[in-house]
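Below you'll find only one chain, the form predicted on its own, shown as structure tokens.
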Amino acid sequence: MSPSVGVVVSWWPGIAVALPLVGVAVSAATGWSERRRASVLAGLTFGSLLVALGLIREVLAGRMPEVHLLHMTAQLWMVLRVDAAGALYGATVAALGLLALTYAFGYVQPGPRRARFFAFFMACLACTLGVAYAGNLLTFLVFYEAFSVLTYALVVHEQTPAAIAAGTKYIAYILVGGSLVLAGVLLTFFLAGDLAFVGGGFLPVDAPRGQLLTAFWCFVVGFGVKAALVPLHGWVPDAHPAAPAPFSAVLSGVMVAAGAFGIMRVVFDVVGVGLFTSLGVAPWLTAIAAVTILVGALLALGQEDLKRRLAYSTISQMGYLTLAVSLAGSGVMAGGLVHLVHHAFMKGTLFFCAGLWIHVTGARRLGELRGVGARMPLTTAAFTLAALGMIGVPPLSGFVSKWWLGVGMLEIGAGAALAVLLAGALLAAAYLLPVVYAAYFAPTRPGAATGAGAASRAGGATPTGDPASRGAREAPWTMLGPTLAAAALTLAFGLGSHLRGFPLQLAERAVLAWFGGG
């Protein structure tokens, strides 16, 4: 197939995916010192980030880099093709992956499980980049299913009974969801004879309505499992507390978002806005998204375990992305894409901070965090910054994305959706500000559970060192540095949202292709 206008043949998308795959072999190599292994893994991931940023530059220059990977059948290729939406998501995956990898060097303890963790981490990172850069549904499916299955090994990494149970629940949900996505792909190919993503969609509008609806709902339910849409969210609150903190950050920040990204691709690059509207499915998807926002936030309120509270918060935040898709307005969809990026770093910061509190003090329940702000001021400041961003306090990145979501809703007269947006922000304040209050202002109770005992009862990681060493004010810089960097991005994306190459500009490019046929 000859390249279409704007498409340029380039190996760079393949290189972005291949570099983390090399890291899988590096992780499994024997005879390497931990310092050497960590340096090579960090270098490979940093290289992938540089390529991802270079692909953003290509997209902004009006080019669409493409590489064919594998000829699967006479009619179907596995192909990577980078458009604005994929470039935005891919750079987010690479950046958060690098921060989480650096964090994991200090968090994951030496031993036989360490090499396994990094091997699966790098494989998941590569496959998630493949999802971001997929040029058709077949490629999307292969990478999506691969990282979904590989994630199991990271959920059960600690091999505790709670982790094994969480992993079993996770894999059951994911296999059912993946089967539905496969059914949607097969039915789409049967109806259209092609699977290549096209801005504006490619499904024939004159196809039988029942088959179109079946394909659409197979995709929504299948991807909705990964996106944690209510009532398909049951795996999330167990998987996040069980997984190591650096992977929880990636899982919540970009891997759960892969489900929402899949729904975006289906609506705008497979179905198309016109057919999506005429099928009459938008109100149903809007209702599902609204319920997800509100139920996720309400359930977060009742969680004493901090990581479970953050997991339910992720469910709520994925509802915003689906809500933006369901409203099918250009402005609100630009806000949704921006929120995908901003949420990744805000939620990554929150999970990083939760991991640091567990690592240093063993505290993971709200009552055990009393006074931790004085003991770990930098960690607590980072958590506070990200929490305020999640609520939507200006000038942080969460305010920017919710602002554009709200403006887009007003543009199309979606007042009820705006009310849900505001209610979600208020509920975010209700479940995040008590953590900040406990850290800074709540008096420390005599005999409060801390240290190894608290970690053991909560199922968390055992703090390092003896009780005296646990009096250290902060975690090592290998973990604290990525945490502060993620928090700094929460501020930078807010203050610099108008700058060239920042998420808003790429989101507007993506929306132009989806709504303007460009």
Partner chain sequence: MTHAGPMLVLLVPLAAIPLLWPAGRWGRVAMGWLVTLASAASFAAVAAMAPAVVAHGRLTVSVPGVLGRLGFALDGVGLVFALITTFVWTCASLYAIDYLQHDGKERRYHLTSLLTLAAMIGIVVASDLITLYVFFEWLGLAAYLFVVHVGGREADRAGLKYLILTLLGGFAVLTGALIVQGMGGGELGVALALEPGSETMRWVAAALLVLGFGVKAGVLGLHIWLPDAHTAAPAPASALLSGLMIKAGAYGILRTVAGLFGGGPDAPPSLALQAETLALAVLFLGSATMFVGVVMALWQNVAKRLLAYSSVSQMGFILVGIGAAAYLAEGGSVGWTGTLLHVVNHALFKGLLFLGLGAVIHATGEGDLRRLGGLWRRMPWTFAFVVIAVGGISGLPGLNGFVSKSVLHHALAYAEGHHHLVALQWAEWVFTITTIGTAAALIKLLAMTFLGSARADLGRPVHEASWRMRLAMGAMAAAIVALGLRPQLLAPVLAAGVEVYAASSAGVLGYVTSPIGHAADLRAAATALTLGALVAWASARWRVFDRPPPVWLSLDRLLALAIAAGTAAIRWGLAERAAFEASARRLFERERDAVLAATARPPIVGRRLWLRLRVQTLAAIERLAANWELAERFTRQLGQRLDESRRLDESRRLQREARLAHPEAVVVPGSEELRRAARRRIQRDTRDLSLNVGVLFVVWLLFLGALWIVAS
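Positions refer to the first chain, counted from 1. These numbers were taken from a predicted model, which means no experiment stands behind them.
As for the form predicted together with its partner chain, it is not shown, yet the points below apply to it.
J.: For its partner chain, considered in the predicted complex: do all three of W32, A115 and Y173 come within 4.5 Å of it, counting heavy atoms only?
T.: Contact check failed for every one of W32, A115 and Y173.
J.: Would you please decide whether L426 lies within 4.5 angstroms of its partner chain in the predicted complex, comparing each non-hydrogen atom pair?
T.: L426 belongs to the contact set for its partner chain.
J.: Looking at the partner-bound form in the predicted complex, is I391 within 4.5 Å of its partner chain by any heavy atom?
T.: It does: once its partner chain is placed as it appears in the predicted complex, I391 has a heavy atom within 4.5 Å of it.
J.: Can any non-hydrogen atom of L422 be found within 4.5 angstroms of its partner chain in the predicted complex?
T.: Heavy-atom contact with its partner chain at 4.5 Å: present for L422.
J.: F441 near its partner chain in the predicted complex, any heavy atom under 4.5 Å?
T.: Because a heavy atom of F441 falls inside 4.5 Å of its partner chain in the predicted complex, the answer is yes.
J.: Could you check which residue among W403, W217, W77, Y152 gets a heavy atom within 4.5 Å of its partner chain in the predicted complex?
T.: Among W403, W217, W77, Y152, a heavy atom within 4.5 Å of its partner chain in the predicted complex occurs only for W403.
J.: Only one of V221, A162, V407, L191 gets a heavy atom within 4.5 Å of its partner chain in the predicted complex. Which one?
T.: Only one listed residue qualifies here, and that residue is V407.
J.: Given that the partner is absent here, state which listed stretch (306 to 314, 426 to 434, 123 to 131, 96 to 104) has heavy atoms within 4.5 Å of its partner chain in the predicted complex.
T.: Only one stretch passes the 4.5 Å heavy-atom test: 426 to 434.
J.: Heavy atom within 4.5 Å of its partner chain in the predicted complex: which residues of 485 to 509 meet that condition, in order?
T.: The stretch 485 to 509, when checked against its partner chain in the predicted complex, contributes G494, L495, G496, S497, H498, L499 at the 4.5 Å heavy-atom cut-off.
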